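Below, in structure tokens: the form predicted alone, a single chain.
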Amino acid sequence: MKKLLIPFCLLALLLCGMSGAAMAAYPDKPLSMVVTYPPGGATDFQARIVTTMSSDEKFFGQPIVVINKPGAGGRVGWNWFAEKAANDGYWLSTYNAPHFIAQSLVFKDSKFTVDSFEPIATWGADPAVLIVPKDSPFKTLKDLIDFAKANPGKVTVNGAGLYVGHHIAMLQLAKAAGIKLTYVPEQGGTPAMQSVMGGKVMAGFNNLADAYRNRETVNILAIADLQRHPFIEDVPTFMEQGVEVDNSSVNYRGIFLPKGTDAAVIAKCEKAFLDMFNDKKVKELMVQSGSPMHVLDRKQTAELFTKVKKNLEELLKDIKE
């Protein structure tokens, strides 16, 4: 029996050594990152900015390839990621909260919950804003509310999908102002913005970043946050205008991995992403594109998920259609 113990011990040591060597080499090929919205929207272009330096040896030393899997306000991509993405460290996904958390609570066909993924890091927080076409008769929030009161259901308001932050902000507005609005879910922020600019809907909720980039063609009537934002300092919050719409719809964006990913991979990813998010060049590019940054580490991101879920469980109980 003693003679048999030696080979087993050697095998165990060899396997540990191989595991350590493999971890030291990670990643040794490009990584794939699922973005659950179409190309060109705020999540997509921000994801490309914050990972643009991933090939640098001080980060991953490998490129991160974006794979767009849009549909159902992000649910198509997150369903795929929860069920099919390998947990080998080479598959990442962007997250949007409250979007994925609200959808996990509302839709029976959601294949994920808040516990289905490993939070890694957060790069930004993008408030929802209420926008109208440049030639809209609604010059103020009050104009829109007054018309909606006189014409129940006539005001069409779009957003990036069902139970994304935009939809939540619209539900809050309707409840707070005592009006009936008709919500039009789109397949992401980009088509939603295009529908507003083209006059296909009367108003829309969209990301501050997208509205900021298109401010020559849309007017921003209000911001769904607790305070004004430096990118659009002239735009008042809903609360400043007497309408109780808070910051529950603020769109937090970041990275998560599949559940069960190796702890050493998670640690390496967290450090690399935090270093990239805090890189001077990345920050400059984000500011130039009107993209608000709000960097959180893994622990803070997990705490954010818990807080958002608790808030949504109360909020959606009162306002969901």
Partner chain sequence: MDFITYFFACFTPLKIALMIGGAVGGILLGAAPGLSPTMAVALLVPFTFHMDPAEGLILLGAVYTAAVAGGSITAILINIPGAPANIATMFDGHPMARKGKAEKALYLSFLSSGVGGLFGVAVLILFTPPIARMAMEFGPAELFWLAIFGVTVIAGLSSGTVVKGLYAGSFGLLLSCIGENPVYGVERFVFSDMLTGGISIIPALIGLFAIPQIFTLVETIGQALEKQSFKAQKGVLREALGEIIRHPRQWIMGSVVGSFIGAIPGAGGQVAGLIAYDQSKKMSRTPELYGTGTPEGVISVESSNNATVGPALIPLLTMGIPGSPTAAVLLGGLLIHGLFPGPELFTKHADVAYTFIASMVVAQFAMAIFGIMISRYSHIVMNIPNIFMVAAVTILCVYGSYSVQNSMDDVIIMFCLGLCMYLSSRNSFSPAPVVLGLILGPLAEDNFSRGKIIAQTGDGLASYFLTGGVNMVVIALCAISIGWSIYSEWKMSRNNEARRAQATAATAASLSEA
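What you see is a predicted model; the values in this text were computed from it and never measured. Residue numbers count along the first chain shown, from 1.
Another form exists, predicted in complex with its partner chain; not displayed. Remarks below refer to it.
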| property | result |
| --- | --- |
| F107 within 4.5 Å of its partner chain in the predicted bound form, heavy atoms | yes |
| S54: touches its partner chain in the predicted bound form, heavy atom cutoff 4.5 angstroms | no |
| Close approach of S289 to its partner chain in the predicted bound form, 4.5 Å, heavy atom | yes |
| Proximity of T94 to its partner chain in the predicted bound form, heavy atoms at 4.5 Å | no |
| Which of 268-276, 292-300, 248-256, 61-69 lines the interface with its partner chain in the predicted bound form (heavy atom within 4.5 Å) | 61-69 |
| Candidate from T237, S116, N214, N219 lying within 4.5 Å of its partner chain in the predicted bound form - any heavy atom | N214 |
| Listed residue that, although its partner chain is not shown, lies within 4.5 Å of it in the predicted bound form (heavy atoms), from I232, A125, V184, A82 | V184 |
| Those residues of 125-163 which, in the predicted bound form, come within 4.5 Å of its partner chain by heavy atom | G153, K154, T156, L162 |
| Residue pair N311, K180 - Cα distance in the predicted bound form, closer or farther (3 Å or more) | closer |
